[in-house]
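Only one chain is included here, represented as structure tokens and corresponding to the form predicted alone.
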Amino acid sequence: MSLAVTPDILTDRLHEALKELVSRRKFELWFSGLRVISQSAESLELAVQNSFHHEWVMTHYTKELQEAVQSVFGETLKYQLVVREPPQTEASPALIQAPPVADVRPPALVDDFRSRNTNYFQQHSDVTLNEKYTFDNFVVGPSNQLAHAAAMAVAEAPAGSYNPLFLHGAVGLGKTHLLQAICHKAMDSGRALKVLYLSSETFVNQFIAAIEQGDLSRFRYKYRSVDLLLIDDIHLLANKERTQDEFFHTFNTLYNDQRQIVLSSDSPPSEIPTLRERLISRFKWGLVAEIETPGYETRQAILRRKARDRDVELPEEVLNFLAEKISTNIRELEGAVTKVHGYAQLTGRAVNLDLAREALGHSGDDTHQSILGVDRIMDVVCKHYGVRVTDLNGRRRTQSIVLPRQVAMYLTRKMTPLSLMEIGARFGGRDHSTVLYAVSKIEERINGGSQFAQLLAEFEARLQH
């Protein structure tokens, strides 16, 4: 290769090769910031701008990247992908404003920023951060990998590539943990940052109070002068049109001033009822990441972490039992560890499989059987209507999906001891009112036609054998 060929030229060539292998959107999202740092006869060093890009590219696009490298540099050249911030230029004002690396600053200055950040947070936020809700204590698995990596990237470089960051998923899967982890890391970054974290309900209540007191200017200054705004349960803005208008302008101000916005919800933006289209559009500007129900292996890892935090030793057979028995959310897993540990202390016995079964009791066995029953109900309903279980748990609202979902909810309510909230959790994290509505709709159809009533009777008969 000629010495006249600069890294910038090589970067352009690599970009052109990647554009042939991935879609335009994927290129802009994951590869537009990829740079060639150096090249030798045997190796090539490439850089991306943060750890999130590094993890995502190495997990999902190694094949495409290797193919692009080979097409530009030859079959035998090996590459190394590293994390390195782009060089500062006059054309990138956001980078010019980036603070110095924290570890070369005087410790006293870092401590001063940390203290100031904490004082601001405590004076303005309506929550107290849980010391355990950090990135180090978050168990990462396939169900939450993207959300975790994106949250890390936001905490390391606010208002960078993922603004806003919108996290969604069912109750108890870790959204609040990630939001608080962002707060911890940002406030401990060695920079002066105004971090504001609150619930959507607080935003609504404070907005109403500001209107009543004629003090909207102070309200707007509070929310529009921060560096990071994190709001939990943004779906609670549904049906609140004037509050949506106010948040729309707050969002625009923060975004245009290159301030970071992080939101959480139990639904993706497009499925929040009555949310205005202009807000839905803005929520999608950055990155929308779903946190799904953890798989078996992730549940095992969570149980190990929770047991270690409590200095409890759980035998492998007990870990396996709890991971199989509890599949809805992380809070139930944590509760199971506490219950088993407490029962062992109360009875003075060692923790083993028999004790774990006793600790969870007959109600626990009923719940396990109910979960198996729900799986069976979903299977029968899906086969009849020609849909998938993922459709029942998803957010699509077409009639071809809504009716089977309501039928399955109705049968679960009638044939298992699960509560409305437990049923909602099994069907994609829906709330109890959704389940209640589904049951009432199916009862109306049963009362309105003998043919539909006969179909439901056939379902019940099949499930009882």
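This is a predicted model, so every value here is computed, not measured. Sequential numbering from 1, following the sequence displayed.
A second form of this protein, the form predicted in complex with adenosine-5'-diphosphate (ADP), is not displayed here; the remarks below concern that form.
Among the candidates 159, 302, 152, 272, the residue which, in the model of the complex, approaches adenosine-5'-diphosphate (ADP) to within 4.5 Å (heavy atoms): Exactly one residue meets the criterion: 302.
Can you pick the one in 391, 334, 227, 246 that has a heavy atom within 4.5 Å of adenosine-5'-diphosphate (ADP) in the model of the complex? Looking at 391, 334, 227, 246 one by one, just 334 meets the 4.5 Å heavy-atom criterion.
Just one of 167-175, 120-128, 315-323, 214-222 has heavy atoms within 4.5 Å of adenosine-5'-diphosphate (ADP) in the model of the complex; which? Heavy-atom contact with the partner occurs in 167-175.
Classify residue 341 as contacting or not contacting adenosine-5'-diphosphate (ADP) in the model of the complex by the rule of any non-hydrogen atom within 4.5 angstroms, answering yes or no. No, no contact at 4.5 Å.
Report yes if any heavy atom of residue 260 sits within 4.5 Å of a heavy atom of adenosine-5'-diphosphate (ADP) in the model of the complex; otherwise report no. No, residue 260 is distant from the partner.
Touches adenosine-5'-diphosphate (ADP) in the model of the complex: residue 330 (any heavy atom, 4.5 Å): Yes, contact at 4.5 Å.
Just checking whether residue 447 would be counted as a contact of adenosine-5'-diphosphate (ADP) in the model of the complex - the rule being heavy atoms within 4.5 angstroms. Residue 447: yes, in contact with adenosine-5'-diphosphate (ADP) in the model of the complex.
Within 4.5 Å of adenosine-5'-diphosphate (ADP) in the model of the complex: all of 133, 144 and 306, by heavy atom? The answer is yes; 133, 144 and 306 each reach adenosine-5'-diphosphate (ADP).
Using a 4.5 Å cut-off on heavy atoms, which residues of 133-157 contact adenosine-5'-diphosphate (ADP) in the model of the complex? The stretch touches the partner through 133, 137, 138, 139, 144.
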